[in-house]
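A single chain comes next, written as structure tokens; it is the form predicted alone.
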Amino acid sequence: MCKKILITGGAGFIAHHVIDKILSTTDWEIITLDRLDFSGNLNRLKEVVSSYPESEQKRVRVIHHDLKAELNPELCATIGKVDFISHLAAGSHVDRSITYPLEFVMDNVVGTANILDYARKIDGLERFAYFSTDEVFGPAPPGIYYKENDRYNSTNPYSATKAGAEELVVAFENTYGLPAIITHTMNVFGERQNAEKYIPMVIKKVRDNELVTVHANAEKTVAGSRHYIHAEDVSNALLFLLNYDISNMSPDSTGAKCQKFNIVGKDEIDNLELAQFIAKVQNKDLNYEMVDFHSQRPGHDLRYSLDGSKMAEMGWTPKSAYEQLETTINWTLKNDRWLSI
């Protein structure tokens, strides 16, 4: 009998790539739970799913639900028995979290509590995967790469609510024995990303010969940097973790049982370097300005960095971002309707 996975936020950017990967590499049934708001776009899901034969398309079911409300018995019956849950639904726009912090508490903390309460009542659930972020660790000074269980230092309401939700996941494993894991990933890019995100935004501005703003240090001499990773690599890592036998993995040195995993891009790229690469692929000159990120983006951090050695030792490593960046740039220019969504 084939497995069944429940994915929250399935119409979101990363989740629709996860669904694509599951369709192409497994025979699993997929249920996506989504409220279809700012982050969710059914056109993403439709574009991916419709590329498969009709028999495969039937493996995907979309259920409308806002996780700020609990999953009632009727909804649970509609979902049916599931083997895996991957919780990707979240408010993720940092600027919006700074303006509307309580909205993010409701979406990311209360929403996670509701899906956890549903999950703990499922007999035979194999794994609950909570998708978190590198931003819970806060800014990383040069040379620092945060490990999975390092201290948290949230610098905005978005990262604080993701960290709060993580603690709920840990508590549900400790209290109820929920078979949970937590992932941290860094800046994810790929096809059909929201046009306001850095990479599609730069693609569009370079194409249109507009000024690109590059956030930098106070002296405007060093650009911010990230370990960029393609959504396909993230999807591969998530499937790797859902199928990995973690039963023999020991608690960390402090006794924490809930296993956490950093999904880290291979290449750390500063944002000026990235913009220059995007311009080079388009055979264009880059028109840019370095700006002080502290005054331009309060609540944001100049550098994030994670240590990916745990996943590497388990047998998973990502591809180079540069090759995938070039593919994504060319795909986006060819499918430029996604630059206006």
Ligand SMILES: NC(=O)c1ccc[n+]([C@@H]2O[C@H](COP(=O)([O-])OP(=O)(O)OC[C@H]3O[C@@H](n4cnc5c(N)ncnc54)[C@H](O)[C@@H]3O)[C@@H](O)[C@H]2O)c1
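When you see a residue number, it is the position in the sequence shown, counting from 1. Everything numeric here is computed off the predicted structure, so don't read it as measured data.
The following text describes the form predicted in complex with this ligand, which does not appear among the structures shown.
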As a check of understanding, the residue in 188, 258, 160, 223 with any heavy atom within 4.5 Å of this ligand in the predicted complex should be identified as 188
Looking in the predicted complex, is this ligand within 4.5 Å of a heavy atom from each of 12, 36 and 68?
yes
Of the candidate stretches 82-90, 247-255, 264-272, 163-171, the one with residues having heavy atoms within 4.5 Å of this ligand in the predicted complex is 82-90
_Even though the partner isn't displayed, in the predicted complex is residue 132 close enough to this ligand, meaning a heavy atom within 4.5 Å?_
yes
*Do residue 233 and this ligand come within 4.5 Å of each other in the predicted complex, heavy atoms counted?*
no
Taking this ligand in the predicted complex and a 4.5 Å non-hydrogen atom cutoff, the residues of 99-114 making contact are 107
